[in-house]
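In structure tokens, one chain follows: the form predicted on its own.
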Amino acid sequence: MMKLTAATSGFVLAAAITVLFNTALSCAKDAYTPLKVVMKSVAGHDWTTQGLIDLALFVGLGLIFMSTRAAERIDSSHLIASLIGAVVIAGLGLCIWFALV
């Protein structure tokens, strides 16, 4: 079984969380117009603001998980499965959301 470094494991976990957060934020801003307006005012377009928020969340969580070595204690196959699962859930969630909206 391979062992991931603290940086790799931390950023894999951060990616899984960020993917799910991105999906939730996409749905929330489409469902709640005032949020979309605020996000548009921050960076000129709501998607630009969303990308910046996602980037900040990913880097911030990755650095926290790396420095605390919290994700390093999780089995590498579980981390990878979590990331794959998060991407599948996010993809299906967005497909269903945009099909219904």
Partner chain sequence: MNISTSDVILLAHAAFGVTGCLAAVCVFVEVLNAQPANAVRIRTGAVVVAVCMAGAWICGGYWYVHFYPAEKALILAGPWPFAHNLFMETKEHLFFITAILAFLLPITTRERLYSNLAARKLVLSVAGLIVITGLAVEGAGAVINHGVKVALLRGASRGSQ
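Numbering follows the first chain given and starts at 1. Since the structure is predicted, the reported quantities are computational estimates derived from the model, not experimental observations.
Although it is not shown, the form predicted in complex with the partner chain is what the next lines describe.
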Partner proximity in the model of the complex: Phe58 to the partner chain, non-hydrogen atom cutoff 4.5 Å: yes
Contact label in the model of the complex: Ala24 to the partner chain, heavy atom within 4.5 Å: no
Close approach of His45 to the partner chain in the model of the complex, 4.5 Å, heavy atom: yes
Ser76: touches the partner chain in the model of the complex, heavy atom cutoff 4.5 angstroms: yes
Within 60 to 84, the residues that have a heavy atom no more than 4.5 Å from the partner chain in the model of the complex: Ser76, Ile80, Leu83, Ile84
